[in-house]
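Consider the single chain below, provided in C-alpha cells and representing the form predicted alone.
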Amino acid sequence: MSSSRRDFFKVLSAGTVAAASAPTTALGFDLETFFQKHFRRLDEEELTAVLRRKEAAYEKQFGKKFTVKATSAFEDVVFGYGLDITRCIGCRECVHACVAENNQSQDPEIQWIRVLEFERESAIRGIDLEKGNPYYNPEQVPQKDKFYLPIACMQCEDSLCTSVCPTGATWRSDDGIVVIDYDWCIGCRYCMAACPYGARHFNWKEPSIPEDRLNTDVHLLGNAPRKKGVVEKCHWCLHRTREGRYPACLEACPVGARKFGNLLDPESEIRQIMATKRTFVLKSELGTNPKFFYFLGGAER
C-alpha cells in the first residue's frame, strides 16, 4: 500500500510539473485564468494584470485592440430603471442596441432583452408573463389593441440568483447592479433556475460576434466577450452607466419610454416618476424587490 501511494504521488507530481510548464494550447485552457482570484479578492496590482491579460487575449482572438475596464460603482448611487408601458411601441430597437453594445452572440443567438406582446384587454386581469408573445412579427408596430412589455434583468435587491451560486460568481454590487465574474462561473445554471424573470442566458457553444458589431470598449464584469459554458445577462451597460452615461437601450428608444437614474437622489427623474406615477414591478409577491419599475405615463397617483 505504501509503495502504491508513493508511486501515485510521483505520477501526480510529474503531471503537475508538466502542466505548469506546458503551453496554454497544449493544456486546452489558460492556467493564469484558471487560477485567477475572484474579482472581489484582487488587489489593485493583480486587477491591473488581469485587465492587461484580457486585452492581449481579446486582441489575439478578434484581431482588434480592446480596452478592458473595471470601473467601480459610484458612491451614494443605487441605479433604478423605469419603463412607460403606455409609450412602448414594441419596435425592439432596445433589443438591437443591447446586442450591438454588449457583444451578444449571433450564433447561438442571445438577447438579454425580450419584448412581449399582450392583448390590451388582458391588462385588466393582470399581466401573466406566460401569455406574452415574444415572436410577434407584424408589418408595423404598434398593433391596435396590443401593448408591449420589455423584460430583462430586474437587478433585484433580494436576488434569488445570487443566493444559489455555488462559487460566488454573481453578486449584487454597491450600485445595485447584479454582476457576474465570468472567470468564476462554472455554468451550473442554478442561477437560471432561480431567476423568476428568465433573464439569464447560457452559452451552449463558443459565441459568434460579427466583426461589424464587435464592441472593443468593455468592462470585465459586463460586456467583455464571454466564452462557452458560462451564463450571462443584462447589467444596465455598467461600462457606460458607471461613467455617467445612459444604457444603450435607453438611448435607442425612439419614443422616450425608458428612464434611468439614481434611486438615492430625490431629485432624479426615476424618483420623480415613482413619486407621481402609478408604478409596479413584476412578480412582487416573490419579494425579490426589483429595481426595474413599470409605470403608466398618463396616470398620476
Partner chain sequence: MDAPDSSEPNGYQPPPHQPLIWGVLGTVALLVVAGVSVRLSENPDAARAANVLQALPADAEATLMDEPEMDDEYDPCSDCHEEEPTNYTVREMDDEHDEMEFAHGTTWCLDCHDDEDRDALHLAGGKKVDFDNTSELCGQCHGSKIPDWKAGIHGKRTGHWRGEKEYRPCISCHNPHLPAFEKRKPKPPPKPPARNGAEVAAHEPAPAEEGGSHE
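On a predicted model such as this, the values are computed, not experimentally measured, just so you know. Positions refer to the first chain, counted from 1.
Below, we refer to the form predicted together with its partner chain, which is not included among the displayed structures.
(message) Taking its partner chain in the predicted complex, would Leu83, Ser208 and Leu214 all count as contacting it (heavy atom within 4.5 Å)?
(response) No.
(request) Verify the contact flag for Lys54: yes if a non-hydrogen atom of it lies within 4.5 Å of a non-hydrogen atom of its partner chain in the predicted complex, no if not. (result) No, Lys54 is distant from the partner.
(message) Is it the case that Phe202, even though its partner is missing from this view, gets within 4.5 Å of its partner chain in the predicted complex, heavy atoms only?
(response) Phe202: contacts its partner chain in the predicted complex.
(request) Evaluate Ile273 for contact with its partner chain in the predicted complex, applying a 4.5 angstroms cut-off between non-hydrogen atoms, and reply yes or no. (result) Yes, Ile273 sits close enough to its partner chain in the predicted complex that at least one of its heavy atoms falls within 4.5 Å.
(request) Using a 4.5 Å heavy atom cut-off, state whether Asn262 contacts its partner chain in the predicted complex. (result) Residue-level check for Asn262: yes, a contact with its partner chain.
(request) Let me know which residues along 133-166 have a heavy atom within 4.5 Å of its partner chain in the predicted complex, or say none if there are none. (result) Counting only heavy atoms within 4.5 Å of its partner chain in the predicted complex, the contacting residues of 133-166 are Asn133, Pro134, Tyr135, Tyr136, Asn137, Pro138, Glu139, Gln140, Val141, Pro142, Gln143, Lys146, Glu157, Thr162.
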